[in-house]
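Given next, in structure tokens, is a single chain: the form predicted alone.
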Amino acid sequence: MIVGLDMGGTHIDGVIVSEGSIIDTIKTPRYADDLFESIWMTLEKLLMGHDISKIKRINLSTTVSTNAIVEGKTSPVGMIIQSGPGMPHDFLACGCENSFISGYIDHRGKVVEDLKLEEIEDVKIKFKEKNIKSCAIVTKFSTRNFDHELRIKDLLEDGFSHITMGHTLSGRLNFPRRVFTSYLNAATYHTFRDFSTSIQNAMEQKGADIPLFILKADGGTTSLQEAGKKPVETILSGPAASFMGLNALLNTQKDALLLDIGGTTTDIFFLADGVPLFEPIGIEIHGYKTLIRAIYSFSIGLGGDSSIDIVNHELKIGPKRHGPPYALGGPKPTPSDAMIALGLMEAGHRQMAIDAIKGLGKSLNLSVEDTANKILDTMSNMIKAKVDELLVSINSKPVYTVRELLHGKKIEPQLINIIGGPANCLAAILEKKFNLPCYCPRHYGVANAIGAAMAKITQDITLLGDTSRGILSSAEFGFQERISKDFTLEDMRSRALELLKRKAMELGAKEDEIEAEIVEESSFNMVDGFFTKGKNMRVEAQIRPGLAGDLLVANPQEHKYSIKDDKYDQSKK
């Protein structure tokens, strides 16, 4: 059995999956002032009555790193950046203290100018004076030669509680993005460490020796220990769980629009011939462009618990959530109150929801029913407007999926798949707005937890070979080894796949579920004067995101709802 837990903005959802069947589900409130207690309470209730010894792993989708960045609750970071000649470096400043040091390694990995050790000592003193505990070290071509980053780390080792080295996060050649990725990793390190330590200690106290895995932005999982080294990879873990849940419950081979409408946000995804879109370089979060691999998603501040106001005699929904629905004791009316007032959702005190909607209706000179319908109509219009805008942007450039670059492809959704607490209530309305069939699965309320449970381990590697220097290296895996001048691109492919599979199995993947593939490769002759001195080769490989097995679900066509049966499935939550 595998447990999936998803931390949403308002609830924590949990499921137990065994051999493709959903054994149990749960939804509990999330307490903002005690996140860990919320998780543990959910886990205890979910496991009650089940044999804990049969739980093989717990896959957790967590917003810890994302929230720390968005809410400005990250640790102070000292940045040590070696940018080398040829480019201004002011735009790279991103920590609370930035030191741009001398030294330079060129694009082939050759040391052109060595480090000045006195500079590093001065930086160390300066950071300590400012009580900085976390550092990030990024040198321009560390993906080709990470010696300078290693030496700087050795010089700083005894003075700081955490040091991120840029080369360990990505083997891709994009220096600015590597700088920002390194900064975010160092900034979220202590927050994620405190979270992971708390959950590990509690598991030990309860005598539950169950491996813990964390969902990453690319839709795959990694061990809690590995995530602790690279917490930046867990950013957008929530949307990744949404997508995996949608894929598990409502699989399709068509162009499609996927929606996860939660309490706080709505996450939007697209499929191209049934394959998810992918961020080709990396995600952007809070203004920082990164090298973090991720499924393409877009979040808007609109959900079932978004606050509703009347502004200039018009409804304004979101983007803030000020608490639960009015029917559940919240401070302001929400779309959930509209659904409760209409009888589409059973939660809290219906009369309180009616009173809240009546108050809004007075300002609009509308009845309770008309006001509630207008709220849901406005909410649906907001979703459609954003989807239309995103499609224009996506279709104006090349389409990247987790498998390939689709030249000339235009995304034209043929259907909508929808999950999340309000999904069942909005399915029929969105179907009319988009003029597309809209499908909502039976377990729509806990689909994210299902996605977390079903996600398999992913990993990627960039392998660089320079036969003139006789060096084969991987920045992310932190190794270098000698190769002969006869080393070929085919040898590179084999070595990359071998290393990738070995790493995945170390993390807990089963050999039969590892789908390793080459996603990019190149080979260039290195010429000195009139002579070829060797080859410069690059291979990028990945374990493709996907589901660890098939989920046994009914035909999606059985879950296509219209207004007359919206209430029907609500009783089966």
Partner chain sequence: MIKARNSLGLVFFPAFDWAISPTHPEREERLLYTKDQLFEEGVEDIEGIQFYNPIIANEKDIQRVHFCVPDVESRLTKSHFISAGGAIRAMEAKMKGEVDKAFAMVRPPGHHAQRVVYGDRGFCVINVEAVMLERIRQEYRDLRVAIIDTDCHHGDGTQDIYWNDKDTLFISFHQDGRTLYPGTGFLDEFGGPAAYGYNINIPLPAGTSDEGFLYLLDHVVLPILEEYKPDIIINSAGQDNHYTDPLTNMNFSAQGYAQLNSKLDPDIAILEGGYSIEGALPYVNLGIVLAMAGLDYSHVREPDYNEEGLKQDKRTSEYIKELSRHVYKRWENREELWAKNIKGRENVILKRQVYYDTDGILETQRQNFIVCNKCSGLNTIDSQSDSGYHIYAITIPRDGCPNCLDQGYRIYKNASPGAYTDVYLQDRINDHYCAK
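Just so we're on the same page, rigid core means the largest C-alpha set that superposes within 1.5 Å between forms. Note that the structure is a prediction, hence the values are computed from the model and not measured. Numbering follows the first chain given and starts at 1.
Unshown form predicted in complex with its partner chain; subsequent notes refer to it.
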is_contact(residue 536, its partner chain) in the model of the complex, heavy atom dist at most 4.5 Å
yes
Residue-level question: is residue 289 within 4.5 Å of its partner chain in the model of the complex, judged on heavy atoms?
yes
Is there a heavy atom of residue 401 no more than 4.5 Å from a heavy atom of its partner chain in the model of the complex?
yes
With a cut-off of 4.5 Å between heavy atoms, is residue 72 one of the residues that contacts its partner chain in the model of the complex?
no
Sort through 233-241, 450-458, 427-435, 167-175 and report the only stretch with a non-hydrogen atom within 4.5 Å of its partner chain in the model of the complex.
167-175
Counting only non-hydrogen atoms and a 4.5 Å threshold, tell me whether 41, 160 and 505 all contact its partner chain in the model of the complex.
no
Consider the chain as shown here, without its partner, and state which of 85, 274, 329, 343 has a heavy atom within 4.5 Å of its partner chain in the model of the complex.
85
Taking its partner chain in the model of the complex as the reference, which of 516, 55, 35, 526 has a non-hydrogen atom within 4.5 Å?
526
Honestly, after the rigid core fit, is residue 151 moving at least 2 Å at Cα between this form and the one not shown?
no
Superposing on the rigid core, does the Cα of residue 96 end up 2 Å or more away between this form and the one not shown?
no
Is the C-alpha displacement of residue 125 equal to or greater than 2 Å between this form and the one not shown once the rigid core has been superposed?
no
Work out whether the Cα atoms of residue 236 and residue 406 come closer together or move farther apart in the model of the complex than they are in this form, the change being 3 angstroms or more.
farther
